[in-house]
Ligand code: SAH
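The data below hold one chain only, encoded as structure tokens and taken in the form predicted on its own.
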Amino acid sequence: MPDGLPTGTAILKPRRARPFFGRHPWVLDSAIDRVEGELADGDVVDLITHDGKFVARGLWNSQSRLRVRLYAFDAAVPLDDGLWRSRLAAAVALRTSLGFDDPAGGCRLVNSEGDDLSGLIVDRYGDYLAVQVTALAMARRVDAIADTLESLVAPRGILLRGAERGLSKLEGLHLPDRVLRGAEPAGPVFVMEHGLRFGVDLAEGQKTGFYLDQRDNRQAAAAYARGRRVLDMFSYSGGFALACAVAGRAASVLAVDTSAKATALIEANAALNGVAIVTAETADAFEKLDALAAAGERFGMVVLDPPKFARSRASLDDALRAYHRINRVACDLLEPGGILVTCSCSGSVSREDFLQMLAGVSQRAGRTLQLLEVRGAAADHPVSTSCLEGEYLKCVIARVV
């Protein structure tokens, strides 16, 4: 078949088409009645109703429960190189219009479903791009995507970062980290964020190297830090810790992470910015929280920014128990009127789930939590209203009375 046109058809079960007429991009295997034609993984497929009406065009993956990812809702639109280029160009243009084109900074250039490019994430750090592919069909097109990114952005290098292990297994992805275009940086790449300089490890850092989605939340938290003793748990490279120390003028900051590499990075970033009031410590976060509470320690602010606790809705209850535990101990550590900054990056945990968990924490702690701000990801991480599951990040700032 001509490039970008279907090699087969997926026929939906009766009464299962409504979400896809609403432009939701994910078709689970449970919605599909049967397939007609010869379909290999990564091939273009048309989605049609049980009575033959065209719904959308997408890419096939027999290895995943998410059987089809949809990219076009017009039968005249092929899923060819021209479509991918136009989507990538639109994503880059959006960031430019939002002011995220500072060559010394970092930003998310492509945010998967938020940019109608399901399964593709691209972050820019200075002169380098980090690409993360979370869909098998996009993996089959990664070289063409790299060519387009090179022509649009002209970076010094484009690095491919593998997806999370669990997601790779679910998608049937086997993508080792490698250099797609140009050269790998000889060491850390340095980026500016709100006047602070951070070293980013593009080769081995978490995710694509840095948590760009928390950019504005770090500044928001810093506004409450003045004169306070701050505890920053799950600190990674010290983003919240340094923002509170410098922009927030905290009295002191203890930054804790379970990874020795992360605490070394916190120390390096503190030194890079001439910050002396940040102390980095390597410890298990749960054990450290318990030890601080047992020792009767008190803080004016506690920041909780843990890794993803829920990989799916099936693990939701376990995740909520983990969030409840760390927030419950954080309340014990906070002096009256202290500030709790608590985050969840688990997409399976809704904003309502998270707030209900905090209501339970308030009840069990016997303390009132006054919500001051309920925030999400920075603007370079747009969310499509057709796929609200993309609104994964929750950041709550609350006063604990």
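Note that this is a predicted model, so its numbers are computed, not measured. Position 1 is the first residue in the sequence shown; the rest follow in order.
There is another form of the same protein, the form predicted together with the named molecule; it is not shown, and what comes next is about it.
Within 4.5 Å of any heavy atom of the named molecule in the predicted complex lies no heavy atom of R108. Residue contact with the named molecule in the predicted complex: T258 places a heavy atom within 4.5 Å of it. Proximity of R218 to the named molecule in the predicted complex: non-hydrogen atoms within 4.5 Å are present. Residue contact check for F286: one or more of its heavy atoms lie within 4.5 Å of the named molecule in the predicted complex.
F234 is the sole member of F234, Y224, F73, W84 with a non-hydrogen atom lying within 4.5 angstroms of the named molecule in the predicted complex. Screening E171, D123, D115, D305 for any heavy atom within 4.5 Å of the named molecule in the predicted complex leaves a single hit, D305. In plain terms, the part of the chain that comes close to the named molecule in the predicted complex, with a heavy atom within 4.5 Å, is 234-242 out of 95-103, 137-145, 124-132, 234-242.
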